[in-house]
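Quick heads-up: it's one chain on its own, the form predicted on its own, in structure tokens.
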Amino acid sequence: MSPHPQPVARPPRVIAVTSGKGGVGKTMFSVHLAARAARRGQRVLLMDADLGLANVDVMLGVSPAASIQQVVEDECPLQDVLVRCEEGGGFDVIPGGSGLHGLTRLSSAQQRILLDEMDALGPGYDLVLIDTAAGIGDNVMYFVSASESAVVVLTPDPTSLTDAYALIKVLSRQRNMRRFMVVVNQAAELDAQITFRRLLSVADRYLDVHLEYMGHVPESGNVRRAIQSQRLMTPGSTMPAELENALDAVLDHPRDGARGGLRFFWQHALSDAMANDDEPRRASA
């Protein structure tokens, strides 16, 4: 009799945390989401994909010794780039750097190195979080559309609302994304609900998307002090209960099994980058 087949390990879940406008608390939410998942027993990798203004390492008070640039140039394995954050339940960080500015300029050999390195890391994690840059730049499009799911962070500020809608519009029309989780930061509950309803109203009218409200985070002195002191807030103590609820809502949200895994993420991102880079050349041929 043949032995029972071993269960196939499920690939890690990949969530992008993004925003249409800078300064809305996107990275604050990302680092606390990583810590929350780690406290719940998940093995977590947080990648800082804000390549122009990378700040996850600054917010966590950690000092990276290497960058992705050295990985794609085959100078060191990706494992050597990881920085361990011991706060919360403990999680790993891939710090931001200039090495990923040129997704469209990676050679096939560099693509293979990156894919193999990320593939090797995959089995070691249950959750991979991608903290993107703000706005609708190419790298934001690559990283968000390659992820399994996306969290859009915004505030009640009219410019934040407008930019969040623009981000969702571009992702839906150019990258065929249809589902988004939404978190309203720096807002009382009523203001947050009004903000989400405004975003939902215009999205329902003009876009073929599904927006889901994950919660809100109020203005808090504890949040400001945590950012200034480069420390994470403690659940049940310094962390606002609303933030805890929003973090749990994202982590408990059903995943899209068809899009999971680090290899899917990188293959999607890199093939998208190459295809878009070819457009000007085809147009001028």
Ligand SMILES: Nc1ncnc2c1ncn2[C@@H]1O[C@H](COP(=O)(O)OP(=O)(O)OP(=O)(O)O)[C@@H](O)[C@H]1O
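Start at 1 and count along the sequence shown; that's the residue number. This structure is a prediction, so every number in the text was calculated from the model and none was measured.
There is another form of this protein, the form predicted together with this ligand, and it is not shown here; the text below is about that form.
Residue among Asn185, Ser160, Ser147, Thr195 with a heavy atom within 4.5 Å of this ligand in the predicted bound form: Of Asn185, Ser160, Ser147, Thr195, the residue with a heavy atom within 4.5 Å of this ligand in the predicted bound form is Asn185.
Contact residue in the predicted bound form, from Ala37, Val217, Ala49, Leu60 (heavy atom within 4.5 Å of this ligand): Looking at Ala37, Val217, Ala49, Leu60 one by one, just Val217 meets the 4.5 Å heavy-atom criterion.
is_contact(Val152, this ligand) in the predicted bound form, heavy atom dist at most 4.5 Å: It does not: once this ligand is placed as it appears in the predicted bound form, Val152 has no heavy atom within 4.5 Å of it.
Interface membership of Gln230, this ligand in the predicted bound form, 4.5 Å heavy atom rule: Residue-level check for Gln230: no, no contact with this ligand.
Touches this ligand in the predicted bound form: Asn55 (any heavy atom, 4.5 Å): Asn55 belongs to the contact set for this ligand.
4.5 angstroms heavy atom contact with this ligand in the predicted bound form for Ala134: Contact check for Ala134: yes, within 4.5 Å of this ligand in the predicted bound form.
Among 63-71, 220-228, 247-255, 37-45, the region lying within 4.5 Å of this ligand in the predicted bound form by heavy atom distance: Of the options given, it is 220-228.
Stretch 19-45: residues contacting this ligand in the predicted bound form, 4.5 Å heavy atom cut-off: Counting only heavy atoms within 4.5 Å of this ligand in the predicted bound form, the contacting residues of 19-45 are Gly22, Gly23, Val24, Gly25, Lys26, Thr27, Met28.
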